[in-house]
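In the block that follows, a single chain appears as structure tokens, in the form predicted on its own.
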């Protein structure tokens, strides 16, 4: 008998056991040369009792996970300033710190206010000051936003710490049916929430462009079907129930259309569904397998995987001219394309020496760069700022998530505490 559990955001306490199983941990496996030293002083708490979250520890973790910063150990700090008047630059020069971040947090009527100041130690000046306000229950997300601000100031590109991850975790049951859980977590794997649990497979989670909805494939009705779900309410809608394949949903940049793969008319082809009318438009009509659509950021064309040339490669379909052109030529296998918001960098699953790796393909130059060195890498997803690629792989016989910088120089793993994890999807920037 199939078991299906739909979980709403309003019921976090009932999910403690489920969330713990889906918790991800971060293991940095490869660093970069000369990361920027930064000291994040524990934020002063200006409220009753103890602070609901160690804001500085969250920010420290974000900086370390970016690979571009080297957070200073608290034990090495010679002071704990919380205001500019308490900052003595000599203390921070003595431990070779380039930047110093201090802050204060307070709460009133359930709302938390976080204020911060960033100092350039070498120049002995304050270079950034700001703050964020939000529910006290969202203290971690407020800390991620502070980290985003600092990252953007120093690196010159927007941070992506205050984003979310979707992934599917699988708990094996010897002699029985596995448990599949669609899970939502912060970008560092913290605060996992199980959105859907089933004894049947869950595949291909994807985000709406505003981050308020998701779509995915579920086999709960004994055959694959595409669903959409509102995150705030948990409300679900089944979009397809055709015979055969129903898969690979992908939201258009304007949020009005969902690309998908259907085999209802024969071989698997790409279709577009207008989400208001549910009207379907067939895009490809080839006898080969056309699958894994993804939208270019301008919404004018689609990338997809097809074996119409004999082996899986990436093709582009122009929605106006209806022309199809092949994009990838290097290697005998390129699949599961995902495009960065700049419209230039594309990541794919690339076969090399009988192993499957994640590779970066520059659409402007046509050059391809292999980013990973593990053997069974799949399902790449790009951070909204284009700096990191999240993907699924194998480690010590288990399915885990891993990440690599687009330059390939920094890597970390996110294994689950229990079971396997797969099918990651990095959110867009979240609307507040």
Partner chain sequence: MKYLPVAGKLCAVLFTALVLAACSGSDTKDQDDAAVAAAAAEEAAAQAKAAQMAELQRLEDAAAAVGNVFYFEFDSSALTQESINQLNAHIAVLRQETDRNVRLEGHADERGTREYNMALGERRANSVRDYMVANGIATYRIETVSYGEERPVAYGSGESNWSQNRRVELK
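These numbers were taken from a predicted model, which means no experiment stands behind them. Positions refer to the first chain, counted from 1.
If you look for the form predicted in complex with the partner chain, you will not find it shown, but the lines that follow are about it.
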query	finding
Contact flag, residue 86 vs the partner chain in the predicted complex, heavy atom cut 4.5 Å	no
Contact test in the predicted complex: residue 103 vs the partner chain, heavy atoms, 4.5 Å	no
The partner chain contact in the predicted complex: residue 160, any heavy atom under 4.5 Å	no
Contact test in the predicted complex: residue 335 vs the partner chain, heavy atoms, 4.5 Å	yes
Of 222, 321, 277, 108, the one that lies within 4.5 Å of the partner chain in the predicted complex (heavy atoms)	222
Among the candidates 81, 247, 189, 209, the residue which, in the predicted complex, approaches the partner chain to within 4.5 Å (heavy atoms)	247
Option from 150-158, 68-76, 213-221, 339-347 whose residues, in the predicted complex, bring a heavy atom within 4.5 Å of the partner chain	213-221
Contact at 173, 311 and 376 by the partner chain in the predicted complex, all three, heavy atom at most 4.5 Å	yes
In the predicted complex: members of 284-299 within 4.5 Å of the partner chain, any heavy atom	288, 289, 291, 292
